[in-house]
Structures are given as structure tokens and as C-alpha cells.
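This document starts with one chain, in the form predicted alone, laid out as C-alpha cells.
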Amino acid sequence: MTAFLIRRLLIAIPTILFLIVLSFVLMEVAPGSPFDSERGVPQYVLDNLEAKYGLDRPPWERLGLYVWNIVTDFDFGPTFTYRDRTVNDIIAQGFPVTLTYGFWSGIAAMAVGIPLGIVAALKQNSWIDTLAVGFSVGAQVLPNFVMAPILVLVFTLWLGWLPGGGWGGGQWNYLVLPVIALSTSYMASIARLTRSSMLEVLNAPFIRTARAKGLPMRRVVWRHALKPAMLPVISYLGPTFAFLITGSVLIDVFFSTGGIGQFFVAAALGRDYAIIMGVTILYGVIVVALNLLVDLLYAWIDPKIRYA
């Protein structure tokens, strides 16, 4: 297992470095400048601004310094639009908000989707199976950018039960609507994937052998069928959790949570390439880390993978 972990780390580290370099190159070739919105500013002022932020240096020198600061201090540098604030300050302010509701969205999606898929597979072609499949289809056609305004319309404007925006220090009533809006479509995908995977495993020869030996169905499911059935689900949960934790831009903007998505949109509109690169690299690191965790879970569940 240790050798398997070392191999995966040797793949993850250069992947992250490549992501940093690629993000820098893409921002370098993007048209425009962070200071293009400054109208009527003399050229010498723009020259001074570029000198202040090191934009007058050669690209290769700025790339080397940027990579070195990230590797040694995890420092993404200053922002261009927020005075006296760094990209790290922006991430430290917005990421905990996004992490909170993204984490609970992932928990909600798994807590509902996995049991629903298992029950639907065990009760195939019953009313429970029909209900689960109908829920999955309905949730897929109602993505979060459709679900969010519907939730606000019903639970805020009509019923007045929950606030339709804000953060409120992370109180539960401010979390409910963003969590539901963000998790519903993933909940449905997890339920559908769990159902199909469980049905495939339940029809496998080793499951038929276990049932022929007279083992109770509950034991067959929990001791023999659950682990192999969870392999496709785990592979799906890796990038899904990364997306949920880094947050949906629409959820941040629509509910005004103050999450990192709002800063990302503002940076894109203001051409603040430092924030765009910082958030992109943060997202990439989380994706790589969670994919590494998925690989380890795979190797723990199925020992054949670690020796492949």
C-alpha cells in the first residue's frame, strides 16, 4: 500500500506543477490588462503600476518567481483590484464559506443518494424503484441554476420559512437553501449510479452462490455486495466533492453567500488575473488531492488495483 501511495504522489506533484505553469501561460496570453479600465491615466502612471506589480519583467522571470512563491510559501501574490489585499486574503475570506456549504452538500448528496440507490436496486421494478428513478430524472432536469430561484420563490417569498440570501455566520437556516440547490442534481446522479452498480453486482455469480448457501439477504448485501458496488460511486464522488467544496459560482452569486465564487466572477470581469489563477490552482489542487484519496479508497476496497 505504501508503494502504491508513493506512485500516486509522484504522479500528483508534477500534475500540480503543470497546472500552475499552464494557468500562468493562459493568463499571460489572455488579451487585455488589469489596468485597462483605468481611463485617462497617463502612460507613466500605468508604467509605475506595472513596475509595482512586477508586470514589467520578462514572462519567464515572472513565471519562475510565481512558481517559487507558491511552492515555498503557498503565496499567490497581490491582487490588482483590491487595495492592500493579497490573493491569499481573498481565498481565506471566501473559501471557508464555500467549503462549509459545499461539504454539507456532499454529505446530503451521499446520505440520500446512496441509500436510495441501494433500496431501488433491492426492490427492482417496485413502486420504490419507480419513485427513485423518477426522482433522479426530475432532479437532472432541474440543475442548480433552476433549483435556486424555485427554492427562494417557495421557501422565502411564499412561505417565509428561510432567508433567501446572505451567510449569517453559517447558521443552519442560511445553509439549507444553498445546500439543497447545490446537492440535488448530484444526489440524483449518485442514486442512479448506485442503483445500476448494485443491480450489476447482485447478478454476479458470487452473489448467487452466497444466496444459494442460504445466507440472509441483509448479510449478502452488507458483507458481499456493498463494497464492489461502491467502486463506481467512489470514482464519481472524487471530482464531485471537489466541485462541491470549491463551490458553484452560481450558488455564491445567487445567494450572496460571500463565497469564493463571487470573487472569481468579479475578478473575471475586472481582469484580475492573480485571483483567477489563485482560485484555479486551488481548485486543481483539491481535484488532484481528492482523486488521490479515491485511488487509495479503490486500493483499499479492491486489493487487485494496488498490484496492477
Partner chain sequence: MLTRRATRAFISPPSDPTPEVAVKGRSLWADAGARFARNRAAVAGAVVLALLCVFAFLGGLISPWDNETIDWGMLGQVSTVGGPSLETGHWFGVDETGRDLYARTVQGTRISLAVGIIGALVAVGIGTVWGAVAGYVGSRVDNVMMRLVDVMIAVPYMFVLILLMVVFERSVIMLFVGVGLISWLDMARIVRGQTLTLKNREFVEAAIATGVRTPTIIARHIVPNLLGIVVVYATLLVPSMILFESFVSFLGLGVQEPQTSLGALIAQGASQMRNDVPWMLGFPLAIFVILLFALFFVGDGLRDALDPKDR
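In this text the structure is predicted, and so the values were computed from the model without any measurement. Positions refer to the first chain, counted from 1. Rigid core (definition): largest C-alpha set, two forms, superposition within 1.5 Å.
Absent from the display: the form predicted together with its partner chain. The rest refers to it.
Only one of G160, P115, G168, G138 gets a heavy atom within 4.5 Å of its partner chain in the model of the complex. Which one? None of the others qualify; the residue that does is G138.
Can you work out which of A92, L153, A212, V71 has a heavy atom no more than 4.5 Å from its partner chain in the model of the complex? Looking at the other structure, the residue within range turns out to be L153.
May I ask you to check whether L9 falls inside a 4.5 Å heavy atom distance of its partner chain in the model of the complex? No.
Tell me, yes or no, whether I276 is in contact with its partner chain in the model of the complex, where a contact means a heavy atom of each within 4.5 Å. Yes - in the model of the complex, heavy atoms of I276 and its partner chain come within 4.5 Å of each other.
Does R62 make contact with its partner chain in the model of the complex, using a 4.5 Å heavy atom cut-off? Result no; R62 lies far from its partner chain in the model of the complex.
With the partner left out of view, is P149 within 4.5 angstroms of its partner chain in the model of the complex by any non-hydrogen atom? Taking the distances in the model of the complex, the answer for P149 is yes, it comes within 4.5 Å of its partner chain.
Look at the candidate spot formed by F254, A268 and V287 and say whether its partner chain comes within 4.5 Å of a heavy atom in all three of them in the model of the complex. Per the other structure, all of F254, A268 and V287 touch its partner chain.
Residues in which of 98 to 106, 171 to 179, 130 to 138, 220 to 228 have heavy atoms within 4.5 Å of its partner chain in the model of the complex? Selected stretch: 130 to 138.
Superposing on the rigid core, is the CA of I16 displaced by 2 Å or more between this form and the one not shown? Yes; that C-alpha moves by at least 2 Å between this form and the one not shown.
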